[in-house]
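Quick heads-up: it's one chain on its own, the form predicted on its own, in structure tokens.
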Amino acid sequence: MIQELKDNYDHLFEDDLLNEIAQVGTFKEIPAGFTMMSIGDYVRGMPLLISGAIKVMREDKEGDELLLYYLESGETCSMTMNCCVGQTKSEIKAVAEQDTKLIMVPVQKMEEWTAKYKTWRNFVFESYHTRLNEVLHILDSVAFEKMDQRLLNYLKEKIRINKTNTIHNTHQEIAYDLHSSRVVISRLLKKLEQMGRIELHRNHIKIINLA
């Protein structure tokens, strides 16, 4: 575990903190598609991603979802930290976008390290800042961008996160992520295909050119 920590967090944390994380952290491997956290769950620890990616979403009372952001290796979830420290229930849903490896840090250590290590404090505050900017970007996107532009941005982020030009999501799953309807998303995807920017296949979407 210590080597994987150093590979991803050596530029952020000193050796003493890395060693403490290795001693108290719990290493987990999460398969793609697994729901790691649902709205209303109590949060017992904070994830430090080693590899893979996690999709973080909001969900309304009807079960409709809106993608907020992705977590990647070397990152953590500030909303999870907030729930841990405040001992409140989760207000987000987290699903593994890919096969993911992470280390869960117990809540008691989070507060201790905030006082003990400046690097940990900086990491926590920077995480809050990054996630807040991403949420504000989503709010701006929903409020001011047309759905066709939101879909383009979504597809670009998908291929960036997964490092492949093939997207294995159904039209309905994309609609859930964008808080839209399958009919609207299918129509816009068909339009992109007619423009030669994507190819639609039975079980996947191949990206040709989204520039």
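Just so you know, these numbers come straight off a predicted model, no measurement behind them. Start at 1 with the first residue shown and count on from there.
Absent from the display: the form predicted in complex with the DNA. The rest refers to it.
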| query | finding |
| --- | --- |
| 4.5 Å heavy atom contact, residue 197 and the DNA in the model of the complex | no |
| Non-hydrogen atom contact residue 201 with the DNA in the model of the complex at 4.5 angstroms | yes |
| Close approach of residue 163 to the DNA in the model of the complex, 4.5 Å, heavy atom | no |
| Contact test in the model of the complex: residue 182 vs the DNA, heavy atoms, 4.5 Å | yes |
| Candidate spot 137, 153 and 156, all three touching the DNA in the model of the complex (heavy atom, 4.5 Å) | no |
| Heavy atom contact within 4.5 Å of the DNA in the model of the complex, the stretch among 65-73, 141-149, 29-37, 46-54 | 141-149 |
| Stretch 42-71 - residues with a heavy atom within 4.5 Å of the DNA in the model of the complex | none |
